[in-house]
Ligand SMILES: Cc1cc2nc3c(=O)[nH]c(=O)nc-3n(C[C@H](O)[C@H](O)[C@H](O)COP(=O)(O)OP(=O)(O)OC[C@H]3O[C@@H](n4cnc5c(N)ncnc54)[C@H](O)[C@@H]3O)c2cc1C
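First, one chain by itself: the form predicted on its own, in structure tokens.
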């Protein structure tokens, strides 16, 4: 006989545990299914989560002690020509303990989130892959796992990420088009903390070049070459779209070639970094970076009868500033709220669940991030070949200009006003979070994980 739940959450990455925890906190019988052995194990190994995710995201994250690696207080943009750094933009920097964002490894952070969900009563099954949905009269009524189990529920929340096909099997969405997918490669280097402190401080770095340098994907067709910094390690990384100008490049080969060129030509690497690092691993993954910018992708539904779709699975990703995690948190929280209302009303129909789409579209961040064309527009520099235009666009993208009202400034002001209206004491909570996170980073003091 099939097991019966109120809510099944598929995926224990960044969004799934947030949705599952809120459902369980409200008394719903909730199970979370994760295909990997340890939550976060299948996600790209590390990233920087922008600060607005912590300020305006779930309260238990803001008030908790997640396993953060390093507060990122500034962004250093370096411009390279003929292997030399000829200029830089360091306009985006903040004093301690305030941070632009926090670097973290995915596995411990997702495990921490899943632990909080389990603490709230969520049943977690790892090493369990969902292979299909159960449908009755057109409505999703549960899932089938790779072990042949039939799990039934009133609502399924799909948090399975880019590579899962659950919403496609449910007949709600279609596959991401190749133009929306970027291949990421990340080089994981060990580096002593005192060396990271001395070489990078609390900065993350980007390197910007014209395509003829061949140390990064063509502007607008991939991510800039970046360096994320952690406690005892660094991650150089870059990406390129699976399709570039209608052609299908050998992306894995090109990314390795670009990085080899960077490490042999750029003095910053050869003299300041290479003598202090040891390569541990090279990892890769695919992400729906521009899914929202492609109208066909953006207009696909985020919901169906008995099903809500969140995070990367819904294409809530543009990565203009590493926005995928906040969008996963925000959409998870909205989805859980709608699931609660639907189950209470005894109506999990598509027409009732449409309120999820309405609230997502009213969120000040999600819709902004998936329609933000700044990185996409970088390809205009390829036509002009103008260094001044390149610098202006970088300043508006990864510099202080990112917080103009028409970019992140607008959503931040709207969210701040809404938060203060709901709770006048929130500003004090934010300041306390900055101080606590900074102190915990200095003292390496975080919550123990279930996998320790």
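Keep in mind the model is a prediction, meaning the values are calculated, not measured. Positions refer to the first chain, counted from 1.
There is another form of this protein, the form predicted in complex with this ligand, and it is not shown here; the text below is about that form.
- This ligand in the predicted bound form comes within 4.5 Å of a heavy atom belonging to residue 164.
- Put simply, residue 416 is far from this ligand in the predicted bound form: not one heavy atom of it is within 4.5 Å.
- Although the partner is absent here, residue 66 lies well away from this ligand in the predicted bound form, with no heavy atom inside 4.5 Å.
- In the predicted bound form, at least one heavy atom of residue 326 sits within 4.5 Å of this ligand.
- Using a 4.5 Å cut-off to this ligand in the predicted bound form, not one of 79, 231 and 272 places a heavy atom inside that distance.
- The partner is not drawn, yet in the predicted bound form one stretch among 152-160, 298-306, 258-266, 80-88 has residues with heavy atoms inside 4.5 Å of this ligand: 152-160.
- Listed residues 184, 207, 365, 200 were compared with this ligand in the predicted bound form; 184 is the one with a heavy atom within 4.5 Å.
- Contacts between stretch 248-285 and this ligand, counted in the predicted bound form as any heavy atom lying within 4.5 Å, involve 285 alone.
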